[in-house]
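Below you will find one chain, with nothing else, as structure tokens; this is the form predicted on its own, and questions on how it binds or moves follow later.
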Amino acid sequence: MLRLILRRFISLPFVILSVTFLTFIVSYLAPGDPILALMGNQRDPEIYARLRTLYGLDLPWYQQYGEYLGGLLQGDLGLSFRFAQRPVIELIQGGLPVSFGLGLTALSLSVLIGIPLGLVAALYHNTPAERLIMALILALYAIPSFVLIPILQWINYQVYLATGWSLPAAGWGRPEHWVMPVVVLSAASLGYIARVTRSSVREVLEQDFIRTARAKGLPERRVRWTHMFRNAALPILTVIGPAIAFLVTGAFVVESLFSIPGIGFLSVQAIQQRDYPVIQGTTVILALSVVLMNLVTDLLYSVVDPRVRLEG
């Protein structure tokens, strides 16, 4: 297991290097001049030259990238173009707790509801319960966030007309602000986890050792939880990585449409305003979060399946 952890940490700098390089090149080649966008209607050549020097944009691209990597090693992600030259790390520190709390809550909801739904669908095969659950799973998995949000807002409005009570449509700060964003953010990953859980459990139930355990007269509860679920757990764990990817990509839409001051909302603002240091900084943080969560998933593999531990 120790070798597995070491390999992951050794590969981490290469992942970050690849992410930073691709993000930098895309920003560098993107059309438009961020300094002109920053200056607005003002076109003073002296101010323009001073700002380009301040942000290092007058240097060759490879020197700009080298200086960015040097700052990154010291924890310096640069200065924002649009937010009064504030350090990017300060902007990220303000949005990171919000995005982390939202993502962790959505992931927990996906797991706590998705796995039981998949289990019920697998155990009640070819029944109305399975067909109903499968229809729900496919709907959650297929409906994009930007379509699900107006549906939930319409339902929220109908509840308001009927009862005079409704959930906030946007904003952040109170507990009720969490409800709709968490539901939207967890929908796709919930459906994905439930679908994989059903398939994994159905595959295990058809194995010979399950029939043998039942033939020996073992109680059905023991067959299901000792033999079935433990063997089905490893494929279920594999979906945590893709589920995290769903949450990361969905955060851009959800945080923007619900005006949630997280990393996704900050990234969208930076893209709209060509604030390249913020785009690079948020991309690095999100990539690092995905890599670390995949490391946690690998550790869970080794707990569930000793063969992974031995191979590591």
Partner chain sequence: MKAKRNLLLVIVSFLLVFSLAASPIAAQDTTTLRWSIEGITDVVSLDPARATDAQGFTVIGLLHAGLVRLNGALEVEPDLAESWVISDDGLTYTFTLREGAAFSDGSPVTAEDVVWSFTHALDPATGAWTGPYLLSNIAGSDELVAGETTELSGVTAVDERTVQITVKQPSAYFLSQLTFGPSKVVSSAAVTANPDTWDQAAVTSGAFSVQTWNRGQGLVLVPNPNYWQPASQISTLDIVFNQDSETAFQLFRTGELDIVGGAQNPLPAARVPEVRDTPDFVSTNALNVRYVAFNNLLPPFDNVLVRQALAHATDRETLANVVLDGTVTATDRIIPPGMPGSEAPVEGLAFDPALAQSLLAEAGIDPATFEVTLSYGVEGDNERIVTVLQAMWQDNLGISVTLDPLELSTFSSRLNDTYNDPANGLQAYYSVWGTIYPDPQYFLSQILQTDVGNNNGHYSNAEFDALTQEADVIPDDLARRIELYNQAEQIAVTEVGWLTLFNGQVNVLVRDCVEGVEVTGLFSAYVVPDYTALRGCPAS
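Keep in mind that what you see is a predicted model, and the values were worked out from it rather than measured. Residue numbers count along the first chain shown, from 1.
The same protein also has a form predicted in complex with its partner chain, omitted here; what follows describes it.
The candidate site formed by 53, 63 and 109 is entirely out of contact with its partner chain in the predicted complex, as no residue has a non-hydrogen atom within 4.5 angstroms of it. Not displayed here, its partner chain is kept clear of residue 105 by more than 4.5 Å at the level of heavy atoms in the predicted complex. Within 4.5 Å of any heavy atom of its partner chain in the predicted complex lies no heavy atom of residue 202. Its partner chain in the predicted complex comes within 4.5 Å of a heavy atom belonging to residue 44. Interface membership of residue 71, defined by any non-hydrogen atom within 4.5 Å of its partner chain in the predicted complex, is ruled out. The contact residue chosen from 218, 169, 96, 136 relative to its partner chain in the predicted complex is 169, the criterion being a non-hydrogen atom within 4.5 angstroms. For the partner-free chain shown, 172, 173, 174 of 172-195 come within 4.5 angstroms of its partner chain in the predicted complex, judged by any non-hydrogen atom.
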